[in-house]
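Just the one chain here, the form predicted alone, laid out as structure tokens.
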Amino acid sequence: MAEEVKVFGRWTSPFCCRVEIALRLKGVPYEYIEEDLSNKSPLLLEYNPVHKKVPVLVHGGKPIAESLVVLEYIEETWRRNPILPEDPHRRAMARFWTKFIDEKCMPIMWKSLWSEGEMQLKLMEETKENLSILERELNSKKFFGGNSIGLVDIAASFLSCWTEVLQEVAGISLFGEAKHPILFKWANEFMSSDAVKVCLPPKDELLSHFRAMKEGMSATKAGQN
């Protein structure tokens, strides 16, 4: 009998989505447990006492936290439908680009969406440059891993529905067909995968969530003035 697999996540999180996509690509059945991050469950705090956040994968009662660490664990545990290439150099390069996505692309883009004035303009330019670098790496490939979805594609999943929604909420343009046509085509290919589609949150609900978040931040800021 296969050991039980559970995923503790939050539907608004692209990091949690990464874990679900990888499991579905591998054909691994799992139980999804939605967390309320304003009232974290005792189990989440038990399984991730250091960071106290999602996602957490629990396999056979043993927890693994941090999305990229979880993806590596999934790859090593379930070998079918690999998300990393066999060649050591290509594997290392895939890890390099996932690190670039998590340390350069995502945090700068996130800050640009919630900042204002000159700072926002500076962050927007940096975001566009980072996306251009990512696009050059993709080049003419269907996916970053070649003809099938791999680790880098999964790490870049925030460029699917999240970026579209957040641009609309922030009222700015960072990513689209005109600015990054190759990356935009990749995003559509990625979102058309059956394993990906089922993991993505409904766009209208995500839009409502981030609009409410922005309104809350604006109200807090106004109260401080």
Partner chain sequence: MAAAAEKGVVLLDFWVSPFGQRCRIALAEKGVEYEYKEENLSDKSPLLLKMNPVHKKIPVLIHHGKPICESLIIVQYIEEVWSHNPLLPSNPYERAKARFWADFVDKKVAECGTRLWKLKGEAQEEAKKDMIEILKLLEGELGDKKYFGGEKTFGFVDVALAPFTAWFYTYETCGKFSIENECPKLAAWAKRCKERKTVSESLHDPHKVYEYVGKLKKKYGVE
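Note that the coordinates shown come from a computational prediction; the quantities given were computed from them, not determined experimentally. Positions refer to the first chain, counted from 1.
As for the form predicted together with the partner chain, it is not shown, yet the points below apply to it.
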W97 within 4.5 Å of the partner chain in the predicted bound form, heavy atoms: yes
Determine whether any heavy atom of R80 comes within 4.5 Å of a heavy atom of the partner chain in the predicted bound form, and answer yes or no. no
Looking at the partner-bound form in the predicted bound form, is K141 within 4.5 Å of the partner chain by any heavy atom? no
So, V50 and the partner chain: in the predicted bound form, are they within 4.5 Å at any heavy atom pair? yes
Listed residue that, although the partner chain is not shown, lies within 4.5 Å of it in the predicted bound form (heavy atoms), from L45, A178, V198, V69: V69
So, Y73, E76 and H89: all three within 4.5 Å of the partner chain in the predicted bound form by heavy atoms, or not? yes
Answer among 190-198, 24-32, 58-66, 159-167 for heavy atoms within 4.5 Å of the partner chain in the predicted bound form: the stretch 58-66
